[in-house]
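Only one chain is included here, represented as structure tokens and corresponding to the form predicted on its own.
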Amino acid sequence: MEDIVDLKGVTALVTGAGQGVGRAIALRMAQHGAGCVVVNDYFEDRAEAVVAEIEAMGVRGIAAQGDVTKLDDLKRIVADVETAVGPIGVLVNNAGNMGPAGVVRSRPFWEQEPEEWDLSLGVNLYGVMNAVRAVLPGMIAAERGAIVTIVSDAGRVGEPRLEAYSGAKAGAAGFMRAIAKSVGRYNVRANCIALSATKTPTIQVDEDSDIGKKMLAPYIIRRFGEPDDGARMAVFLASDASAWITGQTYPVNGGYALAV
């Protein structure tokens, strides 16, 4: 049976892929025909652990330690990958939350200082811009590419006490729409996936607890997301199965907030 989301040997770079949703995306990319999966993470040991899983599947993996908030780190990663295996055909901007700090419970916005906003803006907006800036020259030269950015329903509907995070995710989605319009002529596509509460190492809540039930009350499908829910959509948007789709944001959220 034909695999309609076969990645046909492309090299895929996934940022923040040492755990959680990023790890699931990297593994799914390997499962669906990527020739090489580049696993970026701030922590090298986490990247190497995921690469070991990828290589156990018979697919080449490259561990790429780097901070997505630093353009020079992304340029170095891309240059090293291009030297080793050729151009990057798929970029998944997954690095998020507050970067290496994980999830930070912030104070009310009116009590915050700008350096607190930087935790959200750095990885969720500038990190996306840096990675796109680093990979686009190669994609444009090849006249082919797919960029997928993991955003959040916080960027679609807004979340209290996550104002800077909500703004950064909304900014990333707007940036991707603009990029889609700029690079469509080169056969490069750019889309987003908006996730809601997903089971990751930084979000561990029992669905049957009082807190879990309260969190799930707005969801049509009463469960938290699994990392693989987002990973499956990422593979679809990276593949030729979505060849005529660009500039879009797809909610993968159990019906928490509906798209119109």
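In this text the structure is predicted, and so the values were computed from the model without any measurement. Numbering starts at 1 and follows the sequence shown.
Just so it is clear, the following notes concern the form predicted together with a small molecule, a form of the same protein that is not shown.
**Q** Among 108 to 116, 177 to 185, 140 to 148, 67 to 75, which stretch has residues with heavy atoms no more than 4.5 Å from the small molecule in the predicted complex?
**A** In the other structure, the partner sits against 67 to 75.
**Q** In the predicted complex, does residue 54 have a heavy atom within 4.5 Å of the small molecule?
**A** Flag for residue 54 set to no.
**Q** Just checking whether residue 123 would be counted as a contact of the small molecule in the predicted complex - the rule being heavy atoms within 4.5 angstroms.
**A** Contact with the small molecule, yes.
**Q** With heavy atoms only and a cut-off of 4.5 Å, decide whether residue 20 touches the small molecule in the predicted complex.
**A** Result yes; residue 20 sits at the interface with the small molecule in the predicted complex.
**Q** Could you confirm whether residue 169 comes within 4.5 Å of the small molecule in the predicted complex, counting heavy atoms only?
**A** Close contact exists here: in the predicted complex, residue 169 approaches the small molecule to within 4.5 Å, heavy atoms only.
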